[in-house]
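One chain comes next, on its own, written out as structure tokens in the form predicted on its own.
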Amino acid sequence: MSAPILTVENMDVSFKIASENYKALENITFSVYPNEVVGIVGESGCGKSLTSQAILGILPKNAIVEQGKMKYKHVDLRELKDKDWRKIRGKNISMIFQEPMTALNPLVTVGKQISEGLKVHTSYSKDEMKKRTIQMMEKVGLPRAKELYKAYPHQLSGGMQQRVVIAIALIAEPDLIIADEPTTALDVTIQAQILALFRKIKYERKSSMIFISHDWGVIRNICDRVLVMYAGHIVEEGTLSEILNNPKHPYTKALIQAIPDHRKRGIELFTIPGKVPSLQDRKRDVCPFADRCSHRFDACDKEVPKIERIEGTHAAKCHLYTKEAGLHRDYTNH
């Protein structure tokens, strides 16, 4: 297997709130390989977006990476200064944000915003930048690209705005694209079009992606491998097939059970009891999912489980699979 394009190892991120430090991400470890799409799935507040912000060096001011390694190829991302980040962002790693209207500058034309990446990272002439910008607008499916080049964001529909945000992310041809819930604010029809565009990017550009979503339908459509996050922990990881067809962690099973299905018409939808704990309410040194888990037992209240390899690339962070608990079997047999 080729070397990973991104490696994150044992990363912890904490927030300082009212003079207290609260851990928001704990022991985050994963890699992204060339031409691979890694999905990160979980409820709101589980740390999906925070993980991407840490990778890109855009954490909120009261957040800090306490420990861990983050490497893009051979570049240590934790060692980068602001001037170094300007060379990396956009050119090597780019971000597609969830809300296009907050990501776009309302006072700057669409064409100028897309071409900014070329202005920063290349020595193209103005004419060449305009030509390449219009070509990129056409590639992401924007109609009348020459006319829209001079338009302002408010003159575009939500779907068109999202295509502009994607064009901004792609214009400098990055190796790694981080897409943070890029279809959440869109209606179903536009969502399908944007997903088709991402699949096209995946196969034509051979870029690697981290695709963040809470929607299993979206994850199923685009991802090769999946990380399931809960309360700042990666609780399960594996190929798309391993996760969807043979989920192991009780949280992953519950998430999949909660997916709406036309075959369940007339049956009350399954919901996971309780909610993701806030930073201040998270318990330390215990299983983060214990309070909501119907398979809780003594070990869950005594220590955080270790991530245990089940088979192949499939692993789960659950006491039902740890050697300490002596329970290497499917929890349905417990």
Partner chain sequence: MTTPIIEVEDLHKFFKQARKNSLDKNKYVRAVNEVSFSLCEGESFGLVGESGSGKSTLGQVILQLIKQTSGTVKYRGKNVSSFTKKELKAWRRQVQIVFQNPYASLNPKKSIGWTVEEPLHIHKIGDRVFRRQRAIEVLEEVGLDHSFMDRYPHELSGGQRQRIAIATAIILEPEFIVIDEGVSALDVSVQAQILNLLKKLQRKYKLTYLFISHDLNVVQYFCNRIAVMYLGEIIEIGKTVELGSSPKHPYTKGLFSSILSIEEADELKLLEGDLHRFSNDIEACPFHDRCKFAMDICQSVKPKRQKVGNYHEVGCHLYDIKNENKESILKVN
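Just so it is clear, the structure is predicted and the values come from calculations on it, not from any experiment. Residue numbers count along the first chain shown, from 1.
We do not show the form predicted together with its partner chain, though everything after this point is about it.
- Distance criterion of 4.5 Å from any heavy atom to its partner chain in the model of the complex singles out 190 from the list 172, 190, 134, 80.
- Per the 4.5 Å heavy atom criterion, its partner chain in the model of the complex is contacted by stretch 269-277, the sole one of 269-277, 293-301, 23-31, 64-72.
- In the model of the complex, residue 220 approaches its partner chain with a heavy atom inside 4.5 Å.
- For the chain shown alone, residue 255 is a contact residue for its partner chain in the model of the complex, at least one non-hydrogen atom being within 4.5 angstroms.
- Shown alone here, residue 157 lies within 4.5 Å of its partner chain in the model of the complex, counting heavy atoms only.
- Under a 4.5 angstroms non-hydrogen atom cutoff, its partner chain in the model of the complex lacks residue 124 among its neighbouring residues.
- Judged against its partner chain in the model of the complex with a 4.5 angstroms heavy atom cut-off, the residues 43, 199 and 260 are in contact without exception.
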